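Starting off, we have a lone chain in the form predicted on its own, written out as structure tokens.
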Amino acid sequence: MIRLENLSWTPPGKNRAPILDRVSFEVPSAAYAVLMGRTGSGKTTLLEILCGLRSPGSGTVRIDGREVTDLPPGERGIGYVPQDGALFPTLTVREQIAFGLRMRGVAADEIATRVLEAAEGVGVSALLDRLPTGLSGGERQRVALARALVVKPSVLLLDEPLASVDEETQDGLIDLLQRTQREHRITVLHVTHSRREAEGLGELHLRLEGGRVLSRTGLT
């Protein structure tokens, strides 16, 4: 479950208008929510606050009933796939997926097992010893998804995960995201500009307008 209460954020500088203005909404446990909004409306900022990469000016963040507003990213139980995957250029796919586990001090034998499981789950087992250079857009997104899922999060945040791939690849990734969410019972918040993605994935539709998030049961 994701719950934001009166969350606000204003960019640094004098006389700047708030990007997020007392945002409050809830995504129920194991629901797939899609957040839409215009470019520059603050969608990525909202995700970064949720996962702990940016601090809000005010308000609270709760994950599964626990307040995490001031906790570091690794202690929030959240998996995050940023725009374009943001893979590390010098790490192999195996090392990319293992990164979060190593940061948490997980034992090497457990890391090896969980990396293989995550790679198999998203269909990148054959790529484990490859570097990101030369991977297709779809392959990069699958690796980024495996890296997020390997830490077994209860919440998954996706920032435009299908924006850099063609329509045919999008279809495969949409199927993968649906299957992953069902199998792992993960609460998902997926940012997109695409109505096609929203219609295919989201059971809860949200829109960011004027610094506020509106909840809708369907798209209009």
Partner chain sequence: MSPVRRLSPFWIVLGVIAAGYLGFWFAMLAATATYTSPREVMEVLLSREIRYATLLSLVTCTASALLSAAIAVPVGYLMSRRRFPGHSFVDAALDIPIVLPPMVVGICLLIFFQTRAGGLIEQVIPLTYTVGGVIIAQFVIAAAFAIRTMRNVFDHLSPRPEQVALTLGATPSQAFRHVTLPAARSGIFAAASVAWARSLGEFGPILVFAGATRMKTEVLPTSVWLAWSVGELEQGVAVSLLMIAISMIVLVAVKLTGERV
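Bear in mind that the values here come from a model prediction, so they are computed numbers and not experimental data. Positions refer to the first chain, counted from 1.
Unshown form predicted together with its partner chain; subsequent notes refer to it.
- Residue in contact with its partner chain in the predicted bound form (any heavy atom within 4.5 Å), chosen from L127, V122, V115, I78: I78.
- Shown without its partner, this chain lists V165, A30, I174, V151 as candidates; in the predicted bound form, only V151 has a non-hydrogen atom within 4.5 angstroms of its partner chain.
- Checking 186 to 194, 165 to 173, 61 to 69, 42 to 50 against its partner chain in the predicted bound form, the stretch whose residues place heavy atoms within 4.5 Å of it is 42 to 50.
- Although the partner is absent here, G138 sits far enough away that none of its heavy atoms falls within 4.5 Å of its partner chain in the predicted bound form.
- Contact check for G134: no non-hydrogen atom falls within 4.5 Å of its partner chain in the predicted bound form.
- Contact annotation for A108: none of its heavy atoms lies within 4.5 Å of its partner chain in the predicted bound form.
- Residues P73, G74, I78 of 62 to 78 are found to place at least one heavy atom within 4.5 Å of its partner chain in the predicted bound form.
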